[in-house]
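Given next, in structure tokens, is a single chain: the form predicted alone.
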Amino acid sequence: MSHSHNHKLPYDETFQCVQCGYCLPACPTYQTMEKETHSPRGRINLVKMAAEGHLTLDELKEPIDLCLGCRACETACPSGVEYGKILEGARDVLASYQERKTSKPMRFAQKVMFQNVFPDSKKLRLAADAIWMYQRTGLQRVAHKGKLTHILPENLWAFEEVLPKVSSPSERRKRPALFHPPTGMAPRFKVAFFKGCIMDAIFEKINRLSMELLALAGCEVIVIPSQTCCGALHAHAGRRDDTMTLAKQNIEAFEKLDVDFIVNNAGGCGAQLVEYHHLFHGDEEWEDRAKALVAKTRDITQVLGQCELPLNKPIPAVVTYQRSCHMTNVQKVTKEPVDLIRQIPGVTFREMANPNMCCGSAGIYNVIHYEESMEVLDVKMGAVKDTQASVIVTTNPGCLLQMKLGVQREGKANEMRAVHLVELLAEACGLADS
């Protein structure tokens, strides 16, 4: 019976909500599904009812699963309700409850992915090398022509078509572990770079450009091999123990370095890193160590904003900015990216309507809840088109793929592109491989 798990739900936290409804306009799934049960207020009520035994976990599952976890409701909430804690607590309980109902092969596959693939940079590198071979040998062209990619499960074919060209094995091997400022320039900051898992496999070029930009701006950049996945995907899946294991490895790795900042370029990773201390609340050994890492964690735009980039190559384009939810609602980094975009010569910046609305990516939400995600994306693309922008800038890999897919769905590939902010800045600095 599910009720044996219900008492573990975050019941006390649900009383923070006064049911005012200010969160409703900020919630993407409430906008697209138009149901109270798919709003933050509704979900909080459902968690409370389940904790009181008036609802089963099976009945709670769908509304919780269909939450994007964008946490825009937290930003809109006048009462300061910590919705993220309620959501993660509910997902932890549901994951534990569902585990025994999941088939053995599926449990094995999940264990392999979360415990053996995401934390292992060598395995991810091999996967990226395989994708590079697929893209460069003509296999991808053949697969597209014959629509062979449509055999991929969970609508992965849609995302396969917008994957960036991945770096070659030789480019990965040649990447230094230490980047220096230009000759004659004294280091402004000494920083460690958090490279992530998927980010360093599929978006290695953006990682490399990030390191080169930081160096060009006057930073000494260190990349250590002992770091691992941030654990965001694990946390979203309710795998709290796995998340804590990864957090401990990262804390141990970075606390050995004497650096000013630990810099990341992915909104989702940054959001996980800045909340590491929440994982260890009350733990005498790890909570303070986690807080020390949090204190040094910065998004790359926060560091570049304190430096001076040689933005000497004009980019004559209308640019709009897709704000990463985890940058906006968790890290609260909102001003720095826009300031950097506005500094690029030739750029005309136009804010889209409702700019803080999620794009529907949300980790792997767009894969496992494809149809619901596309409804959110279509709303977002309507706002993008109204700006008449030819460039959509974002700061998170999931948002980047989602926006690339949005451009493709709208048939705008010949007149519009989606890029990470680092790519646009590198282009404006004239970096050779941008």
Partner chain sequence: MAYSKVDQGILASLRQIIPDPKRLLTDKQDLAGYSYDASFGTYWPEVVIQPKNTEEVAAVIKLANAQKIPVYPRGQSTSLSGGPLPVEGGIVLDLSKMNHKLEVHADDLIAIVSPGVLTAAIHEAAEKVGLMYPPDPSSSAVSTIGGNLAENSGGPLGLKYGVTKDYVLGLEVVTPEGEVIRTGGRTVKNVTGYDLTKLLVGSEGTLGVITEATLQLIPKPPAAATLLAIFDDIVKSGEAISKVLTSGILPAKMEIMDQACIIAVESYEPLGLPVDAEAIILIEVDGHPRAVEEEIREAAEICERIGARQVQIASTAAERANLWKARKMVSPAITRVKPTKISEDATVPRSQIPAMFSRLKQIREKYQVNLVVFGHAGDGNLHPNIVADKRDKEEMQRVEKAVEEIFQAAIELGGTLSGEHGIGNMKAPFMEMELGTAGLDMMKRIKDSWDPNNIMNPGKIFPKPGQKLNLTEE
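Numbering follows the first chain given and starts at 1. Everything quoted here is computed from the prediction, not taken from an experiment.
Just so you know, the form predicted in complex with the partner chain exists too; it's not on screen, but the next bit is about it.
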{"property": "Contact of residue 25 with the partner chain in the predicted bound form (heavy atom, 4.5 Å)", "result": "yes"}
{"property": "Residue 63 within 4.5 Å of the partner chain in the predicted bound form, heavy atoms", "result": "yes"}
{"property": "Proximity of residue 314 to the partner chain in the predicted bound form, heavy atoms at 4.5 Å", "result": "no"}
{"property": "Non-hydrogen atom contact residue 282 with the partner chain in the predicted bound form at 4.5 angstroms", "result": "no"}
{"property": "Options 26-34, 388-396, 361-369, 401-409; stretch whose heavy atom lies within 4.5 Å of the partner chain in the predicted bound form", "result": "26-34"}
{"property": "Residues 15, 18 and 54 all lining the partner chain in the predicted bound form, heavy atom within 4.5 Å", "result": "yes"}
{"property": "One residue of 78, 225, 176, 346 in contact with the partner chain, assessed in the predicted bound form (non-hydrogen atom, 4.5 angstroms)", "result": "78"}
{"property": "Partner contacts for 233-270, taking the partner chain in the predicted bound form and a 4.5 Å heavy atom cut-off", "result": "none"}
